[in-house]
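Before any questions on binding or motion, here is one chain by itself as structure tokens, the form predicted alone.
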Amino acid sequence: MATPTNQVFIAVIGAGGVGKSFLSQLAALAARKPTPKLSLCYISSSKKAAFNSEYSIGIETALQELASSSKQPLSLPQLADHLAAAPAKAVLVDNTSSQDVADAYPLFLSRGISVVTPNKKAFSGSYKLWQDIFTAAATAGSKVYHESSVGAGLPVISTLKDLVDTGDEVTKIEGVFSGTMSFLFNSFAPVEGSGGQWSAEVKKAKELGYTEPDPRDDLNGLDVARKLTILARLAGLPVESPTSFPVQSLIPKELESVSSGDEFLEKLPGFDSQMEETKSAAEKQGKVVRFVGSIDMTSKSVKVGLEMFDKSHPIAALKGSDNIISFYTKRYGSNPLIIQGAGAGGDVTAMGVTSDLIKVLSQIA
């Protein structure tokens, strides 16, 4: 049944840093592009939700409505029912990193609800979930986009998809995929000067808000492994999971089981000598050490860990918490296609989500 106006309903799960940035970008988008009419019809945090039978929530006032709401979030199957019953097409914007929400994507997609998300867990979890997501989308004609699951707002996934879809052959992908690790190594082992003590740099990164609340969640390398799993699958390698290839953890064995992030930071200085050795081994060769991920399509191998680079190498010359991703392909020859820039932060992550939403709108509205 055609609706009288050209309209798309949008449901948002997650109203934290990325969620708030996304809402302000959505308000600007709705003002800039009057068609299709974008109607916010649901918003939830982990504790509460705002929605109504009119499928209408003010985008500008959504956060206030959510704060004053007494409603519980709908269960995911209930939310799928609610959106499937909307008077026009609906898009689910998942701004969480929740595995439960990710596991429900096939359900939403199979009911004609498109999905836009920065959630890495959906695309780096089991290979079966990956297949189920894209099969459901293809069968129902719904769309799924997840640019911000790798490199925040940087056009990493769209670039890789364009290379693959136009028939280029990707031979290797290599880069610094973590803003946290980028920041740490740029300050611990800078190209110029000596850098600080490893434990002091980790502490500083946490104080500046660059790490997870428990820095071990960054230092175990799993975040980078998830991003590589996503890129490898898009490039055509059926990687089973982020733990199915070698991932070097920078957590000293003895500190893996300490009870808290604070205790970890307290004890970390006792292990600085290990990282110092790694740094000076690189310096002796005139190189610097960086935490990188690489996918070699020829040997079908994926790995994450410390590598040494010449000081003139683009990976060595990164600044701050920037990401850099190099695509080596048949067309680009020995000079890779390089994408570089801020790979973390609410505004740039939300930008990737908003740009995905615009792509979905162009296909469904």
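Here the structure is a predicted model, which means the values were calculated and not measured. Just count from 1 along the sequence shown to find any residue number.
The discussion below concerns the form predicted in complex with a further copy of the same chain, not included here.
Only one of 49-57, 332-340, 296-304, 62-70 has heavy atoms within 4.5 Å of a further copy of the same chain in the predicted complex; I'd like to know which.
Among the listed stretches, the partner-contacting one is 332-340.
Counting non-hydrogen atoms within 4.5 angstroms of a further copy of the same chain in the predicted complex, say which of Glu169, Asp162, Asp262, Glu256 makes the cut.
Looking at the other structure, the residue within range turns out to be Asp162.
Report yes if all three of Ser45, Arg216 and Lys267 come within 4.5 Å of a further copy of the same chain in the predicted complex by some heavy atom, otherwise no.
Not a single listed residue reaches a further copy of the same chain in the predicted complex, so no.
Applying a 4.5 Å heavy atom distance criterion, does Lys37 contact a further copy of the same chain in the predicted complex?
Contact check for Lys37: no, nothing within 4.5 Å of a further copy of the same chain in the predicted complex.
Within a 4.5 Å heavy atom cut-off, is Gly221 in contact with a further copy of the same chain in the predicted complex?
Result no; Gly221 lies far from a further copy of the same chain in the predicted complex.
Does Gly153 reach a further copy of the same chain in the predicted complex, with heavy atoms at most 4.5 Å apart?
Close contact exists here: in the predicted complex, Gly153 approaches a further copy of the same chain to within 4.5 Å, heavy atoms only.
According to a 4.5 angstroms non-hydrogen atom cut-off, is Ile315 in contact with a further copy of the same chain in the predicted complex?
No.
Using a 4.5 Å heavy atom cutoff, which residues in 333-365 contact a further copy of the same chain in the predicted complex? It's fine if the answer is none.
The stretch 333-365, when checked against a further copy of the same chain in the predicted complex, contributes Asn335, Pro336, Leu337, Ile338, Ile339, Gln340, Gly341, Ala342, Asp347, Val348, Met351, Thr354, Ser355, Ile358, Lys359, Ser362, Gln363 at the 4.5 Å heavy-atom cut-off.
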